[in-house]
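Presented as structure tokens, the chain that follows is alone, the form predicted on its own.
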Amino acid sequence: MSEFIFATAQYESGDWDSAPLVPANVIDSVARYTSIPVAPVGINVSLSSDDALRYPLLYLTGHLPVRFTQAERQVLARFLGRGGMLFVDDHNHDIDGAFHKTATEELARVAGPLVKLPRTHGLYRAFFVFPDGPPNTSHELNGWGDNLIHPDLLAAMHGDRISVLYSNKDYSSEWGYHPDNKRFFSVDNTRFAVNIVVYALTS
């Protein structure tokens, strides 16, 4: 297996670089728990560039409205059509905010409808086992002020495989800390990120 490189999608609208600590944390977890060869640093790649087609997994996040350019839509469609997987995480603590509404519209336009991913899906057993589906974040459990936990992730499928995985659980905040601080957690909250990487590489 070639070396896995964690790639963050850079898009023209919004604040694509709002979670700068997430890549290092996910890279640390992949190296810590798996035998997957992984590059020690991630890369930022323009969603309008053919360079995006080189990676099996792209991570996209932000707080602000998302409007893809025509070039970004075209590259994303090619990326997904070639078997790539896009993981999109809403980096907000709100409900149906601007990022969520616009990102899901754009994704549906390129990838087709986003539907609830069954909690029995193989993603939740790809490495660690999450019997109840997507793990909740501390923001959900400690309160957004709305007493709401988003119980499911959304997905667009390419055949029987996830092509777009969409989260409005704000894993970007949950995983946005220095990897050295993992020792303070009784359970490493980045373990689900490992499942996403393993699924993207092996399914």
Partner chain sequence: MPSRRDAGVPVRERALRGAALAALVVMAARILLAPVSVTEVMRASTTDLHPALVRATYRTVPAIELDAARTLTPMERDWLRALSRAETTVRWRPSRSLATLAVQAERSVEPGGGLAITMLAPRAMPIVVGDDDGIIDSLRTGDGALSIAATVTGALHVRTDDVAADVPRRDSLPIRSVVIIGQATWETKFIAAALEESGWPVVVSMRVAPGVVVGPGATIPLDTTHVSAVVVLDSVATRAADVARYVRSGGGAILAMGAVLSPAIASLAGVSPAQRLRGELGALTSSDPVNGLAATTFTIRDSRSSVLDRRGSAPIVVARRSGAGRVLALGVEDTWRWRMAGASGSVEAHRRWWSRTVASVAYAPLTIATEDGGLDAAPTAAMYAALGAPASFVTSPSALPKIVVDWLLVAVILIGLMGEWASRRLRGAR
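From a predicted model like this one, the values you see are computed outputs, not experimental measurements. Positions refer to the first chain, counted from 1.
In what follows, reference is made to the form predicted together with the partner chain, a form of this protein that is not presented.
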query	finding
Segment that reaches the partner chain in the model of the complex - one of 96-104, 129-137, 82-90, 109-117, heavy atoms within 4.5 Å	82-90
Contact of Arg161 with the partner chain in the model of the complex (heavy atom, 4.5 Å)	yes
Touches the partner chain in the model of the complex: Pro56 (any heavy atom, 4.5 Å)	yes
Residue contact check: Ser49 to the partner chain in the model of the complex, 4.5 Å heavy atom	no
Partner proximity in the model of the complex: Leu154 to the partner chain, non-hydrogen atom cutoff 4.5 Å	no
Listed residue (Ala39, Ile43, Ile36, Leu64) with a non-hydrogen atom within 4.5 angstroms of the partner chain in the model of the complex	Ile36
Stretch 189-203 - residues with a heavy atom within 4.5 Å of the partner chain in the model of the complex	Val198, Ala200, Leu201, Thr202, Ser203
